[in-house]
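As structure tokens, one chain now follows by itself in the form predicted on its own.
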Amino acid sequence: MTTMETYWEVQTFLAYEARLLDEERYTEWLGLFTEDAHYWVPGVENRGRSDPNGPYAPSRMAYFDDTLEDLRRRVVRFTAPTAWAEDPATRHLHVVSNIEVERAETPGELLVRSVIVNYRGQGDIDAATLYGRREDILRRVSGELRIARRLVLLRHAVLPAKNINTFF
């Protein structure tokens, strides 16, 4: 466990990050990551409880398996005038809850678990709500929290959306 001060700092950080995403302030959002960040959203497979391979693995399909440079490229693509699928822009609402904070194995890092809900809508009839769990490694860089690793486990085996034009 950590102190209440650290917990409050992490909760404030995650709420700020969610607002940046809701407001499409992607450049500022990218600034919340470390240069060596890894952002991974694996596809979750339906497998039996006794299957030793588990529901996801690095060698299998992923919606995102990105470095910070990959995320920068996605942001450039989302915001380009030729991104016709984003005109009109998708409306996002990110909710982060059930936040748990503990010290990570590496000194100076925090292991943060949370639950996320992402509503995305575009136009009059295209809307979806995505649910999942996140596991982050937060690291202090120049005294500020930064995301060094993010694992997002969506709870959908089949996505209820036409695409994933959102970050979690």
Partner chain sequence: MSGMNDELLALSGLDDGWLDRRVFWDRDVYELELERIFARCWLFVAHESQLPKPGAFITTWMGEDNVLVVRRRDGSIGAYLNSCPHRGNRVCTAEVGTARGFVCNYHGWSFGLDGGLTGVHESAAFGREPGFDRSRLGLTPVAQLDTYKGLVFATFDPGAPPLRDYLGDFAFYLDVILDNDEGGTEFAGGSIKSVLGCNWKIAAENFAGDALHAGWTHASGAEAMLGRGVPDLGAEDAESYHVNANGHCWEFNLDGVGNAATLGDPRVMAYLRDHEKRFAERLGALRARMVGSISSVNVFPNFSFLPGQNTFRTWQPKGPHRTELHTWVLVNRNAPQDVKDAWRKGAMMTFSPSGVFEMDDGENWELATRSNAGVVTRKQRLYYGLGSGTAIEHPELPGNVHRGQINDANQRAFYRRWSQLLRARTWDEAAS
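None of the values given here were measured: they were computed from a predicted structure. Numbering follows the first chain given and starts at 1.
Beyond what is shown, the protein has a form predicted in complex with the partner chain; the following relates to that form.
Participant: Report the residue, out of 111, 141, 62, 117, that has at least one non-hydrogen atom within 4.5 angstroms of the partner chain in the predicted complex.
Facilitator: Residue within 4.5 Å of the partner: 62.
Participant: At 4.5 Å by heavy atoms, is each residue in 74, 78 and 159 next to the partner chain in the predicted complex?
Facilitator: All three within 4.5 Å in the predicted complex.
Participant: Exactly one stretch in 46 to 54, 103 to 111, 132 to 140, 27 to 35 has heavy atoms within 4.5 Å of the partner chain in the predicted complex; which is it?
Facilitator: Contact criterion met by 46 to 54 only.
Participant: Since only the chain is shown here, I'm wondering whether residue 3 would be in contact with the partner chain in the predicted complex (any heavy atom pair within 4.5 Å).
Facilitator: So residue 3 does not count as contacting the partner chain.
Participant: Is residue 82 near the partner chain? Define near as a heavy atom within 4.5 Å, in the predicted complex.
Facilitator: Yes.
Participant: Using a 4.5 Å heavy atom cutoff, which residues in 103 to 127 contact the partner chain in the predicted complex? It's fine if the answer is none.
Facilitator: 124, 125, 126 sit within 4.5 Å of the partner.
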